[in-house]
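This document opens with one chain alone, in structure tokens, the form predicted on its own.
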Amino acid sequence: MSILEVNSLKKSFGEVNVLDGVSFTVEKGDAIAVIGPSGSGKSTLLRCLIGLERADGGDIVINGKNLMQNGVYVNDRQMRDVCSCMGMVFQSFNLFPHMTVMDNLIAAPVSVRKEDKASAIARAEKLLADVELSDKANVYPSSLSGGQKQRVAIARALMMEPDILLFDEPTSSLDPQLTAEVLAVMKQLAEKRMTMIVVTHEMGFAREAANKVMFMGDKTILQMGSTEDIFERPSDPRIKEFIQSIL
């Protein structure tokens, strides 16, 4: 069942064309790695999907609801409703520095969804255990390593029980050891069939955890298919050249 449908998506910043005719579908349970050279529009694509950037044209349908149709967005209230089923994990963590880890996790469920605080805390404790950070509930983000901050950010996104989780280069600012910590959590989510779209330069994750790979270049998708399709049977010489350069 398609959980996300994107058709002919276009986005420019001034005269700079970033996305030009991007089309794809995401099925429930997909773990999609989005790879390609820097500047190919990968992060912009994610931001358009969740409403942080406004695309200029095309269609976006999430869980059967239109976010944008023929280049026209729904109103702001409808946009919040449509995008509420998605969560996003950013490269720079984006934790609230003045809040403890626990308060970071429960803030949105309590204030936005009006969840009972005790219920939110119980769910947060379980998620912190899942990411192996139970002992960090009452500390502030400044005392955490980069890998720990990103694991907290993943737990915080999961607190809103999203149908789709977007990752924007979640390990690009981490050293190899901390990267391994975060990727282990992401692989566990993939094994649990969490629907994920992951912009990443980590080819290990793309090959081991993703069931589909999207290769972006020249403002569009050059190829989307299985891991074997992309890494062993690239359909475009630009893909083959890119993969050879990083493996």
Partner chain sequence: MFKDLLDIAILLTDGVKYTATLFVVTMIGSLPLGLLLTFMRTGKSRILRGITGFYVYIMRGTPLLLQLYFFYYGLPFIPGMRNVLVLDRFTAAMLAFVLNYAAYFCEIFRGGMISVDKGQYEAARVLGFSKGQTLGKIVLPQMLRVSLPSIANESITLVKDTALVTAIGVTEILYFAKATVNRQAVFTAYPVAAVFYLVMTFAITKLFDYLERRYSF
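Here the structure is a predicted model, which is why all the values come from computation and not from measurement. Numbering follows the first chain given and starts at 1.
The same protein also exists as the form predicted together with its partner chain; that form is not shown, yet it is the one meant from here on.
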With a cut-off of 4.5 Å between heavy atoms, is residue 80 one of the residues that contacts its partner chain in the predicted complex? yes
Since only the chain is shown here, I'm wondering whether residue 176 would be in contact with its partner chain in the predicted complex (any heavy atom pair within 4.5 Å). no
is_contact(residue 86, its partner chain) in the predicted complex, heavy atom dist at most 4.5 Å: yes
Would you please decide whether residue 51 lies within 4.5 angstroms of its partner chain in the predicted complex, comparing each non-hydrogen atom pair? yes
Within 4.5 Å of its partner chain in the predicted complex, counting heavy atoms only, one of 56-64, 43-51, 27-35, 202-210 shows up; tell me which. 43-51
So which of 107, 137, 74, 121 reaches within 4.5 angstroms of its partner chain in the predicted complex, heavy atom to heavy atom? 107
Residue by residue through 79-97, tell me which have a non-hydrogen atom within 4.5 angstroms of its partner chain in the predicted complex. 79, 80, 86, 88, 90, 94, 95, 96, 97
